[in-house]
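What follows is a single chain, given as structure tokens, in the form predicted on its own.
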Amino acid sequence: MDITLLSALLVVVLFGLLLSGLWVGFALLAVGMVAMELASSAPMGAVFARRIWGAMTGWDLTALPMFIWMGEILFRSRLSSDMFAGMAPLTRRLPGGLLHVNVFGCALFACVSGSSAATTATVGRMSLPELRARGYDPGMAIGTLAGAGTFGFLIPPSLILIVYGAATEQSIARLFLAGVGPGLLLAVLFSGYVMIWSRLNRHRMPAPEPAPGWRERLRALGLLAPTILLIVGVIGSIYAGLASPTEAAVIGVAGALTIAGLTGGLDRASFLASLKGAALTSCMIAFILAGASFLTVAMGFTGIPRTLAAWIGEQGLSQFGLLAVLLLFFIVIGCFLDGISIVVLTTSVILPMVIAAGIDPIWFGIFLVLVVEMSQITPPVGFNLFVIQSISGRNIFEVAWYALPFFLLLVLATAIIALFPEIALWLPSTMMSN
């Protein structure tokens, strides 16, 4: 079969299955089977068995359910509410006031969650009612939450980075280190935008609140201390070379259970609910990874990735030209697929041409995560938009409009790290070399 016709057929089959409501993992498996049936005489059963077994037995993937469980524990404990109460006194005198709680709160919770949806839901349930009660502009409150909620994908421990590392056989520790600089860059951009907006729209801001006293500040730091200690235990153990990401995930779960137990925020029911939530999310991701792994092999048999890479190579695109094309491609595909599906579905095709263009695969992982973050606030399938819609009761496209400035800031951040790749690469190259 002509390779162009085969490619078009596989795309139609994939989107047809996804639109029918079939789970993403099974849709990928089905497309892989169709590809092998049409383009290869290799024994499908043997290839299927070996590839699925290999995809599911990687040691690095052990970190995934542990980090998910840690986030589930924190989501159901008092730690999240204590975190908001601790940040409010420290941010309310900044230009923009408590709007910064969304930015810094999401950044802080992302350090112990790894999930964009969990970060958005946890911070949003606390901040949106409080900001509404204090007279803050609802559009800005929703926009800052939508944008900053995406930090869960970038700031380590990031589930997407674990999936990318497992799918591309890159060092997860290096990816975690590479996510720190861009994560801080995004926090600065978002917070800076809030300050500028608040200065230009003074009439839409509530009256300034009194400055907190030293006693209130000390109490706030005390409420933040458990979160900070957990971050130090998880991320610090990786950066110091004391633990691998998988071992750090176990440290995180143990720390989260200890903190929840000491604060009385986790009873038997919520403990079992956290286990169930972690199992469901882990199984969903495992099915997607298994399906994508088999599809990767099937695509290799078809020759489509080689042909596509050769065609792009013939266009004579520079690195920046290739990245611009990929940026537009990922933004479009992000309108229809979730973040994990984007990563596992496209890396096998895209990564060879990226490496051939001389782009560092660790840096490209950060680039890919930034684009996936954009997809989280892009209708009609932006998952963070649905989370915020359920919390705020607003129309999905209204929420997307409020999130638009932060989508553009994500595009700006992507351009900045493309121009200055050391923002992502300096920390892993320095610390891993030591």
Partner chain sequence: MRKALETLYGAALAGTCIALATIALLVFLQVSGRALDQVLVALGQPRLGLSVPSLAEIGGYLSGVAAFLALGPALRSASHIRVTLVLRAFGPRGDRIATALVLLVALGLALFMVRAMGAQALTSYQRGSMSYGMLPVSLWIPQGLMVLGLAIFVLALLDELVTLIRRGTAPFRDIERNREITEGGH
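Positions refer to the first chain, counted from 1. In this text the structure is predicted, and so the values were computed from the model without any measurement. Just so we're on the same page, rigid core means the largest C-alpha set that superposes within 1.5 Å between forms.
The discussion below concerns the form predicted together with its partner chain, not included here.
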inquiry  = Suppose contact means a heavy atom within 4.5 Å; in the predicted bound form, does that hold for all of 52, 386 and 391 with its partner chain?
reply    = yes
task = Look at the stretches 71 to 79, 286 to 294, 184 to 192, 224 to 232 and give the one with heavy atoms within 4.5 Å of its partner chain in the predicted bound form.
result = 286 to 294
request  = Classify residue 247 as contacting or not contacting its partner chain in the predicted bound form by the rule of any non-hydrogen atom within 4.5 angstroms, answering yes or no.
outcome  = yes
task = Using a 4.5 Å heavy atom cut-off, state whether residue 11 contacts its partner chain in the predicted bound form.
result = no
key: Non-hydrogen atom contact residue 402 with its partner chain in the predicted bound form at 4.5 angstroms   = yes
request  = Give a yes/no on whether residue 19 approaches its partner chain to within 4.5 Å in the predicted bound form, heavy atoms considered.
outcome  = yes
request  = Would you mind picking the one in 324, 280, 90, 85 that has a heavy atom within 4.5 Å of its partner chain in the predicted bound form?
outcome  = 280
query = Heavy atom within 4.5 Å of its partner chain in the predicted bound form: which of 331, 254, 355, 94?
reply = 254
task = Select from 395 to 410 the residues with a non-hydrogen atom within 4.5 Å of its partner chain in the predicted bound form and write them out in sequence order.
result = 395, 396, 397, 398, 402
ask   = After fitting the rigid core, is the C-alpha of residue 67 off by 2 Å or more between this form and the one not shown?
value = yes
message = Does residue 241 move appreciably between this form and the one not shown, meaning a CA displacement of 2 Å or more on the superposed rigid core?
response = yes
task = Would you say whether residue 393 is displaced between this form and the one not shown, judging by a C-alpha shift of 2 Å or more on the superposed rigid core?
result = no
Cα distance between residue 397 and residue 24, which in the predicted bound form differs by 3 Å or more from this form, closer or farther = closer
request  = Compare the CA separation of residue 164 and residue 23 in the predicted bound form with the one in the displayed structure, and answer closer or farther (the difference is at least 3 Å).
outcome  = farther
